[in-house]
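Shown here is one chain on its own, the form predicted on its own, set out as structure tokens.
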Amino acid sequence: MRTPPSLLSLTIDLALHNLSNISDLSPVPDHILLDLFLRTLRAGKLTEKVLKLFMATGKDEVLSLIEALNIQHIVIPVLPTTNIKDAEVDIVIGALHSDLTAFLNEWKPVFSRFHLIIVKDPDLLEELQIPEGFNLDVYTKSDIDQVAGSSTSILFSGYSCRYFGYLISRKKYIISVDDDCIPARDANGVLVDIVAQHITNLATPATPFFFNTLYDPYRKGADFVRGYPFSMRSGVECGLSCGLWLNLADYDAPTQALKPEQKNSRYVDAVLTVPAGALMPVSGINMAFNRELVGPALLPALRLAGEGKLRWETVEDIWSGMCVKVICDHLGLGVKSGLPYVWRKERGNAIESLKKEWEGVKLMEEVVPFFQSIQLQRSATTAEDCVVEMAKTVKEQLGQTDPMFARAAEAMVEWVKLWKAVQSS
């Protein structure tokens, strides 16, 4: 016959179910408090608020147990405490179109508070048309030639012109958006502030080493799920924030050609940390990064022989993205994906672009296994170190298969030299 629970046991169970309504556990006897703490652990109810409640008692046995189990009090609140000033942010725009009037006017409610760096595609012959009301600097081919000198390894044409903006900036945070995008609206019709969301992503920790099934635990209204180790809840610094797109999704040319009518209309209100060891196709369309942590790892290196002026005719951002993801994993930094969204306008012909990008589609079958297998040395402790070491491995393992990879390796080394020279000037 089963022994009925004691009155004390029932009382502790009742207290367990009502912990959220209890404001002070100090009067509870030590042995009962310890029993209640252990039951709270087993029930998976040790939230940040409940942990504070137990710690506030000051009881030695409970505090010793918390220390023995390596349960850490999280000092980072749901909202970021990092006070990022507008002056710490540069918005970089690669101008592949001469008339930026409509584009910038659409973004004025979001961008007008910040400094803009606009880099004109060196192949663009027309003068840029830029409306008033912005704090900005414009860089052209002559500026690029003056800074980059006679280097033939690094090419800043096409979408790669935006990398010059990353190079020339002196700010801690970079927001990068293509000039064929306008602000999106969320599910409630509210204009999306991509700068605010990207900065929130970068200012709050990332969790690459243990996946939180409730996505970003630092967002308002979210937290760590039951079973998430308390010792890992402080997370790590976030180096890269990858936003998404409504309307024209970032498909490759074959997919877009097969599904010309398919658009992305789903606004998913979520941010997640990409797990360590997992690669991803980073898109340069809408992203942000901590320039001090990973700036040198975002680089113009791999160029297709027939690279065009449409996103699906290039893989420069895909290559750069895999470089930075491997480097973030190595340095113990996080990468986030999800919010914020932009709205991409339609342009180009996917079938025509397929002729140019097919080379890149085939190359990816070699590139991905390479990045999956690469191991950086512990001596590589900065993004610059990692890029140089990675370039050497690219040259040794991929350079013999296609001269394109050898050129990419050379461009990576030259990029680091240029980065260091510009930063020291």
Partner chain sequence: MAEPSTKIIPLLKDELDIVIPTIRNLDFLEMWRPFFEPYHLIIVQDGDPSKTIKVPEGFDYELYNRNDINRVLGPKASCISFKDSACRCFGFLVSKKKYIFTIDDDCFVAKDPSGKYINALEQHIKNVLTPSTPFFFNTLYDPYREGADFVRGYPFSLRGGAPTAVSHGLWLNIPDYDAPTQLVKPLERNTRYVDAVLTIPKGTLFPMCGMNLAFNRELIGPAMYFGLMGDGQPIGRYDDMWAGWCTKVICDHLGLGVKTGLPYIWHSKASNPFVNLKKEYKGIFWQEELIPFFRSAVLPKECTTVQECYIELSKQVRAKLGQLDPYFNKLADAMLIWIEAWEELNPPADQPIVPAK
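Small disclaimer: the values here were computed from a predicted structure and weren't measured. Each form is matched to the other, and the largest set of C-alpha atoms that superpose within 1.5 Å is called the rigid core. Residue numbers count along the first chain shown, from 1.
Absent from the display: the form predicted in complex with the partner chain. The rest refers to it.
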Heavy atom within 4.5 Å of the partner chain in the predicted complex: which of 298, 333, 175, 322?
322
Sole residue of 128, 136, 225, 196 within 4.5 Å of the partner chain in the predicted complex, by heavy atom
225
Are all three of 249, 254 and 259 close to the partner chain in the predicted complex, meaning a heavy atom of each within 4.5 Å?
yes
Contact flag, residue 38 vs the partner chain in the predicted complex, heavy atom cut 4.5 Å:
no
Any of the heavy atoms of residue 145 lying within 4.5 Å of the partner chain in the predicted complex?
no
Residue 314: heavy atom within 4.5 Å of the partner chain in the predicted complex?
yes
Does the 4.5 Å heavy atom contact test between residue 60 and the partner chain in the predicted complex come out positive?
no
Within 4.5 Å, heavy atoms only, one stretch in 278-286, 95-103, 110-118, 198-206 touches the partner chain in the predicted complex. Which?
278-286
Near the partner chain in the predicted complex, with a heavy atom at 4.5 Å or closer, the residues from 227-243 are 227, 228, 229, 230, 231, 232, 233
Under a superposition restricted to the rigid core, does residue 378 display a Cα displacement of 2 angstroms or more between this form and the one not shown?
no
Taking the rigid core as the reference frame, is the Cα of residue 406 displaced by 2 Å or more between this form and the one not shown?
no
Once you compare with this form, do the C-alpha atoms of residue 231 and residue 18 lie closer or farther in the predicted complex, given a change of 3 Å or more?
farther
